[in-house]
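First, one chain by itself in structure tokens, the form predicted alone.
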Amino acid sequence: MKSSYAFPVFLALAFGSTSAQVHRVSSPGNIIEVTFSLEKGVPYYSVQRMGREVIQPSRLGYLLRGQAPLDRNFSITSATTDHFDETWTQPWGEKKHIRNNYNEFRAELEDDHSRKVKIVFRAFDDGIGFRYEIPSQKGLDRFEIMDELTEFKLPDDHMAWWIAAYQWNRYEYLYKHTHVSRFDTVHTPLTMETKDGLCLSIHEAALVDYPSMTLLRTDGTTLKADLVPWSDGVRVKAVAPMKSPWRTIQLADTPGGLITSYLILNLNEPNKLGDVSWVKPGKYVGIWWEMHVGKSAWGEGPIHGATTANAKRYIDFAAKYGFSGVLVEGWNVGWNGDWTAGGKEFDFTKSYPDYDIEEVSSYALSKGVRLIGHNETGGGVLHYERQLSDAFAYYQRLGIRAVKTGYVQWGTGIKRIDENRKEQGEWHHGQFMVRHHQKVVGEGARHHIMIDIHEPIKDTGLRRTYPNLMTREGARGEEYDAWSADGGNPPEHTTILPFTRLLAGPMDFTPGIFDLLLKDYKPNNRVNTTIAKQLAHYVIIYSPLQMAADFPENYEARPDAFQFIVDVPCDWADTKVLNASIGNFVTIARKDRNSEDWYLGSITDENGRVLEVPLSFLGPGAKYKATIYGDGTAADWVDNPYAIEIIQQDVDNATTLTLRLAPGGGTAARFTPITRH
């Protein structure tokens, strides 16, 4: 609820005069303070945390096409404050109940051309968000933004974890760890750590009808918003009233504090879909990994993977072990030949002759399982959009409740037709694709279909507003272990993801590979973990649609380890980070939303570690049976990745576990109540 009576008195005094050129707003716990100022008519902001400068005075504003810059000669015509505090419930997620508590400052500006702009700041105890609002007005009903001038001026050369922007392979790169001064233009979330251990992450929230923001280092340690452009160089094609996405800065004393910050979600609007009881998290298996390792093919031929018989085999396996979905890739016409050259041959309602989708979907429903649809576009976005409504209506009739989309294309390979009927290539992360993904999510909602996006636009918390927007890729996933020429994801990769990519939202990483050495298919590749670490990924890497990616026979060959994948849920009531060091190790505990069970995952990089983990998160006065899946005594991701030790012991919230993580290893655990106080 909103409440003015709880608003700090000093804030009301600070904003008492609209003629003042400096205004400040503090977070509810007086942890963070934002300063907004006009310096000779130019807008600036800065951020302090506990009296310490985090962002030095940084410019704000826009450059417009064919108009004077919208960044100078301003005066403040109105300055208002507000306070907001509520607890809202996620229909699904990593935490059920989330507190949204902030103080807000809204400045209304007018320049010497009588153009009006509003800048809104929200100060939370774990960070800030700010955005631009341009109201309807003469001369700014329709306009084009050529540059957003937002800066993030850092006071020091922090260490950062980053991937470069504007690369041919989108977000799918290994993270680099350098000083800020060593990079050029990078994607967000950009996570940094100061010399004395303060953790911060710059990102954005509520990205709607606007391009993705990358960060350009302009000089020293000053970062500037760099919006992904259209092919004609325009950054934003806008219609007033316009609201930009929120620019966000999350701040925490520890790396784990970034993981349990829900600032991004809080800056998104509440659920707009109404009843979303049809949106259901779940685990799935499918015809997917066998194509990546070369056992099967997406296209027609003697090793076509998506056959009726093969699909039924996976459905039987899913039904036997309680998986709710089966993904089938390569089922539809269009995979033959070079499907990455624009995807113009794809038909999203016509299956290959050896795959009877109607029979398979009916068979799945008879087993209590649903097919997960798959729509690879090959970058042919307009070709896909022309079929989208009919395809989703068809899937709804077949009982399909989730669709995985894909956009495999390189660089500016996404195709659109411009106003002159010429084909143009667009970046994956510009306004054109932001609009496209919104169309897919909207069409999905109309047909009660959940969406899982691969080669996506990055997550900015829109799952709160559109709960059928479940998960996405947006980083190097497990498939890189099957075929990447660099040897796959190194052991440190998944100790970085929780503090970078996963700060944006859920990731369809597709874990759970048990055939770690791939000797029968890819002798020059392997999965660079122990088997216990594969289990731990189900807790560490959050996704509401979570895949068990390996072949059924590989799971049934190791039933004791597979039991953890069978048991672990993917919808949580609470999340705790128990210890963490970015790129080195992380331990996370999560409480099942539908029981009193807790689950734990702990992983390390290439270095073996011994970690002490207090179980204080367990309920007071209760005994729990802990089933612990740990690395065997001689386990090592290089020489002995299959060694696993499964033990059971009684624990309570006064117990401290000592976890021995092998090099490249991990531990997974389940805690089930056996007595209550």
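This is a predicted model, so every value here is computed, not measured. The first residue of the shown sequence is 1; numbering continues from there.
Below, we refer to the form predicted in complex with another copy of the chain, which is not included among the displayed structures.
Only one segment in the set 114 to 122, 194 to 202, 458 to 466, 69 to 77 has residues whose heavy atoms sit within 4.5 Å of another copy of the chain in the predicted complex; it is 194 to 202.
A single residue from the set S616, S26, S37, Q48 has any heavy atom within 4.5 angstroms of another copy of the chain in the predicted complex; that residue is S616. At a distance threshold of 4.5 angstroms between non-hydrogen atoms, L611 is in contact with another copy of the chain in the predicted complex. In the predicted complex, another copy of the chain sits beyond 4.5 Å of every heavy atom of A668. Another copy of the chain is not shown here, and in the predicted complex it never comes within 4.5 Å of any heavy atom of A643. Contact check for A654: a non-hydrogen atom falls within 4.5 Å of another copy of the chain in the predicted complex.
Residues D253, T254 are the members of 241 to 256 with a non-hydrogen atom no more than 4.5 angstroms from another copy of the chain in the predicted complex.
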